[in-house]
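We begin with a single chain expressed as structure tokens, specifically the form predicted on its own.
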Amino acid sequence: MRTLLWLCAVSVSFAQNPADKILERYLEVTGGKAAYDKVKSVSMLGTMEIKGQGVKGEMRMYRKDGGKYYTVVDLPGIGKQEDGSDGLTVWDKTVLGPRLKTGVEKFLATCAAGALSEYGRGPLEKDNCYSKAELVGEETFEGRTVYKLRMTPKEGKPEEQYYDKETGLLVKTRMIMPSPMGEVPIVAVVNEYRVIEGIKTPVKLTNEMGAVSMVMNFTSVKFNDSVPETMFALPPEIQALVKAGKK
């Protein structure tokens, strides 16, 4: 009987998806699932800079369990850009005006409902966001060996996630994001992690969209800060679009 149980355990071990093991290791090295479960809201303050164009402005991000979020960026010469969700309606306001996000764009914004899921969507929200996780192989990124994972979302095109083989940390994501201007390829690189209340959290990221490179640098990150529900309320322009859609 003991031999049979041992053989069953070995079979299960070898049957486990290697991609799942990499995702589980990310949770472990960044603080553990129990630490993540304690975080119900996040507030992040910092800057966004468009490299090579001399444009830099303030950026504020707020996240709360239930898929609620609000982000505002104020860039000199470009203006204020906002996007958010009250957990049901997903929207943004840019120089092009207000609009509602639907379809794949809405799904990608809301499938990860946890407060910290945005920076660990694969490990934290795999079952909610993805139908398949596959280990493609190994590559070299910035002189380090990384595991390359292909993550297939339940809606939208597959994305690639790269995890440092030595540290287990997520270092890069490559994905196709739908937008009003069509599909936009985005490469997001995590430049720096910082331990905040026991969780190793990304605090500096670079997003590359074609020839445009944007650096987000967060100088203040607070977990379970007092974020009022009014922060996620729909702006009047968005409320008008919702009402118009119902009519």
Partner chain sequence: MIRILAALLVSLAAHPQQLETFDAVWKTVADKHWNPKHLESLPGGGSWESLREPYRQRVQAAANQSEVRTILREMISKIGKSHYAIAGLEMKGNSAMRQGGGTSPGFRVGLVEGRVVVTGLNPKFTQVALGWELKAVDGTPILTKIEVAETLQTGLRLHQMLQNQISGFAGESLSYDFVLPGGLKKKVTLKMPERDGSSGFGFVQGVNVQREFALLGKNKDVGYFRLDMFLDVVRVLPQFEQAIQTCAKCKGFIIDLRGNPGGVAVMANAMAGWFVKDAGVKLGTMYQRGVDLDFAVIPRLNGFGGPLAVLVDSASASTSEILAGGLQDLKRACIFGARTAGAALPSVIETLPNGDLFQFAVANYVSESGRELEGVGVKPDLEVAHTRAALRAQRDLPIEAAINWVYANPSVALRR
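Positions refer to the first chain, counted from 1. In this text the structure is predicted, and so the values were computed from the model without any measurement.
Below, we refer to the form predicted in complex with its partner chain, which is not included among the displayed structures.
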Inset, instruction - Give a yes or no on whether every one of 55, 77 and 99 sits within 4.5 angstroms of its partner chain in the model of the complex by heavy atom. - result: yes
Inset, instruction - Indicate whether residue 51 is a 4.5 Å heavy atom neighbour of its partner chain in the model of the complex. - result: yes
Inset, instruction - Using the partner position in the model of the complex, report whether residue 198 sits within 4.5 Å of its partner chain, counting heavy atoms only. - result: no
Inset, instruction - Consider residue 34 of the chain shown here, and say whether it contacts its partner chain in the model of the complex, taking contact as heavy atoms within 4.5 Å. - result: no
Inset, instruction - Answer with yes or no whether residue 184 is in contact with its partner chain in the model of the complex, where contact means some heavy atom within 4.5 Å. - result: yes
Inset, instruction - Quick one: find which of 139-147, 101-109, 78-86, 163-171 has residues within 4.5 Å of its partner chain in the model of the complex by heavy atom distance. - result: 78-86
Legend entry - Stretch 223-244: residues contacting its partner chain in the model of the complex, 4.5 Å heavy atom cut-off: 240, 241, 244
